[in-house]
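First, one chain by itself in structure tokens, the form predicted on its own.
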């Protein structure tokens, strides 16, 4: 059978890196397709719904010859099958609906994250873990607390997505390549996020020299509400392509030891005056996971906004009962 043939213990490709995806929904599907077709590693998709991960991965595996990928794709309903994973990306949980904030998902997704953390802790204890599930800052904190993993191997996908949305809006506004736009968004992954306009550039030129202040403010506000904008348009789900691609940037940096600098939800231990919370900060990501946090200078206004965002995260985490 297909699943037997692709058993990692029997496959001649068993030495390839292994990527486990927890959650077979829209984000999980994009993750599986791109990870396998880019040959970042063999993919194991886990979901509690019987047949869902098996069917999705079988469909993708049958299309792999068309893109020249030899990476294997398998689906499972058993956590035991994620054993040996180098990277685990968590998308499990309910998605937002119109009118909901990410925070509204806390109670439901908290119970799911506890189960996920236990499954990964028991079967993939050496993995580097990327959390996408919302509310992000609270979910990655929950995973860390339940799993007991070291902080360098548990990180949340947040700032990359927020920054890439800001990059997109700025590129569209100026009619330039997205490749030439850099942006940095810190703080919690939600309405209190802090886009640092001073650090946004186009080929090294500060955007303040290219766009007037009022228009920049409008773009910043759109960035803060970008996820909700997608939710309102879809009506039956939330963004899935951009979050998946953002997480893959992180996985690739870890697997290939790229030493990339990303804004991610990292556990701060005194950096930026924050202790014991996951918030979005710039970090260096390589084979050591989150290898170090970079502290950038914040002016008075930026510091005020960042501190307010941190307090929001602290309030959210304070509602968690483990």
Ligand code: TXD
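Values in this document were obtained by computation on a predicted structure and should not be read as measured data. Residue numbers count along the first chain shown, from 1.
If you look for the form predicted in complex with the ligand, you will not find it shown, but the lines that follow are about it.
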Can you pick the stretch from 144-152, 213-221, 198-206, 84-92 whose heavy atoms fall within 4.5 Å of the ligand in the predicted bound form? 84-92
Would you check, heavy atoms only and a 4.5 Å threshold, whether residue 119 touches the ligand in the predicted bound form? no
With the cut-off set at 4.5 Å between non-hydrogen atoms, does residue 33 touch the ligand in the predicted bound form? no
Test of understanding: in the predicted bound form, would residue 134 fall inside 4.5 Å of the ligand by heavy atoms? yes
Looking at the partner-bound form in the predicted bound form, is residue 43 within 4.5 Å of the ligand by any heavy atom? no
Between 251, 181, 184, 239, only one gets a heavy atom within 4.5 angstroms of the ligand in the predicted bound form; which residue is that? 239
Just give me the single entry in 268, 255, 52, 64 that has a non-hydrogen atom within 4.5 angstroms of the ligand in the predicted bound form. 52
Members of 26-59 lying within 4.5 angstroms of the ligand, judged by heavy atom, in the predicted bound form: 26, 27, 28, 46, 47, 48, 49, 52
